[in-house]
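The chain that follows stands alone, in the form predicted on its own, written as structure tokens.
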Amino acid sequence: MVSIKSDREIELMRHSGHINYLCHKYLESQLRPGITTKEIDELAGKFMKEHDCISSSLNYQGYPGYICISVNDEVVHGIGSNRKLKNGDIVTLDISMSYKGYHSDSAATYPVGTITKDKEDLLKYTKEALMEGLKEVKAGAKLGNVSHAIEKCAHRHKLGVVEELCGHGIGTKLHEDPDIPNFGDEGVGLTMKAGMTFAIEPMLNLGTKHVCLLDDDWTIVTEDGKPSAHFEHTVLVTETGYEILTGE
């Protein structure tokens, strides 16, 4: 069942999304060679508390961190640790939080210091794929159009599309119906309606699309060890298009 949010619910999600955006900007300003991923996680937890928000990730099915922090070949669900970021790394911050019971979910991959051209292109084109997908969001359109647009953009730039992970509905739960894969056919799937809210999130790899799970039972990495990027926004479907809730 895909829920239609009321004006009150949308306003609460909009506030959650704005704090999520501010948290991204704050953490981005703290990224530097030498900082540990655990320090980043602790900064995120403190920021949420100061803004009356609660981490949606902490203790979610046992997850031990405030946010997910994934470095280089880690696709998603990396756990904060004593690992220090190095010049040339890329790091994904996947931030989910709730405000008065309403969730927002947003991810971005950031450079640490100076990165290679390949990594620059990976970040650029993964973000481009997200925006291409968002262009297809509007009332009356098929959700499959979003998935198709993301896949088309990824393939144009010869990037691997992770198929085991997907976007999702969002609201009073972090993960609601429907699932939103980053590949598929246009003209199929759910007909979007104004008031629906989705977290759309391409995860693209510089090499193979194949991934595997590490022994911590959380961190997912690329099978070939090549870098991965992840960009995500929580969006509201409107009659004429979409509103990014995890933006300014």
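Values in this document were obtained by computation on a predicted structure and should not be read as measured data. We number the residues from 1 along the sequence you see.
What comes next is about the form predicted in complex with a small molecule, which is not displayed.
When you look in the model of the complex, the only residue of Thr219, Thr37, Ser57, Thr222 with a non-hydrogen atom within 4.5 Å of the small molecule is Ser57. The partner is absent here, but in the model of the complex a heavy atom of Ser96, alone among Thr126, Ser96, Ser147, Thr92, sits within 4.5 Å of the small molecule. Contact here is defined as any heavy atom lying within 4.5 Å of the small molecule in the model of the complex, and by that definition each of Tyr63, Asp105 and His168 is a contact residue. The partner is not drawn, yet in the model of the complex one stretch among 174 to 182, 117 to 125, 130 to 138, 82 to 90 has residues with heavy atoms inside 4.5 Å of the small molecule: 174 to 182. Contact between Asp41 and the small molecule in the model of the complex is not found at the 4.5 Å heavy atom cutoff. Contact check for Cys68: a non-hydrogen atom falls within 4.5 Å of the small molecule in the model of the complex.
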